[in-house]
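There is one chain below, alone, in structure tokens, taken in the form predicted on its own.
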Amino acid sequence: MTTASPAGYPATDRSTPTRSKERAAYDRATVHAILDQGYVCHLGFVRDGAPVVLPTLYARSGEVLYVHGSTGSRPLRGAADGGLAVCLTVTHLDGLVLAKSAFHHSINYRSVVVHGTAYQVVDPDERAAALDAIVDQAVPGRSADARRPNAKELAQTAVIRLDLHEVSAKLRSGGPNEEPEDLALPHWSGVVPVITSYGSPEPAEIPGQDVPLPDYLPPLPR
């Protein structure tokens, strides 16, 4: 069953959470913001009858996700052979939620789950644009400030494409949910924020290198 969502992606049986449905979101602005803030996704698929989940780099371009991989990897070969059924996830941890009871401990988070069929990108121009997007997903502007891949490197690199259609976001924020009878207990409760930060860039130890720090590096906002 598919339920139309007027502001974004359709809510399907697979994209509708079974618990805490009120935390789900299907609007494109929310989904895109979560995807655009990350670098690493987890790509799930079935191999030889067993589930496999791999961490890898990705980038969003409009309503498409591009996922980086090796031409020798099993999922990339499967995506080249008629497509590969996958489930892709991206998660950001924003806080540790400590309640007065162990049961109500939780986390604050933002996540996206994408279901669909992934296909290997074979068009040279699309693949080049996808690889640039994956580099720029991590550091915007970096693809224009690096050597282009040569033929040998391109032969070792594959990209799969996953269209954003069956997509949902799920978010939690705020403090702990306490039982009324627990409020007087002598235990601290609250939220420990989790914040991603960036250190100062450290140049590679290359003899004779005298290249100034590029303008796009400090800072790296996320």
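The numbering used is simple: start at 1 and walk along the sequence shown. Given the structure is predicted, the values throughout are model-derived calculations rather than measurements.
Separately, the form predicted together with another copy of the chain exists; it is not shown, and the next lines address it.
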Query raised in the report: Given that the partner is absent here, does residue 98 sit within 4.5 Å of another copy of the chain in the predicted bound form, heavy atoms only?
Result: yes
Query raised in the report: Looking in the predicted bound form, any heavy atom of residue 54 within 4.5 Å of another copy of the chain?
Result: yes
Report task. State yes or no: in the predicted bound form, is some non-hydrogen atom of residue 149 no more than 4.5 angstroms from a non-hydrogen atom of another copy of the chain? Result -> yes
Query raised in the report: Would residue 157 count as touching another copy of the chain in the predicted bound form under a 4.5 Å heavy atom rule?
Result: yes
**Report entry** Residues from 192 to 209 in contact with another copy of the chain (non-hydrogen atom within 4.5 Å) in the predicted bound form
**Finding:** 192, 193, 194, 195, 196, 197, 198, 199, 200, 201, 202, 203, 204, 206, 209
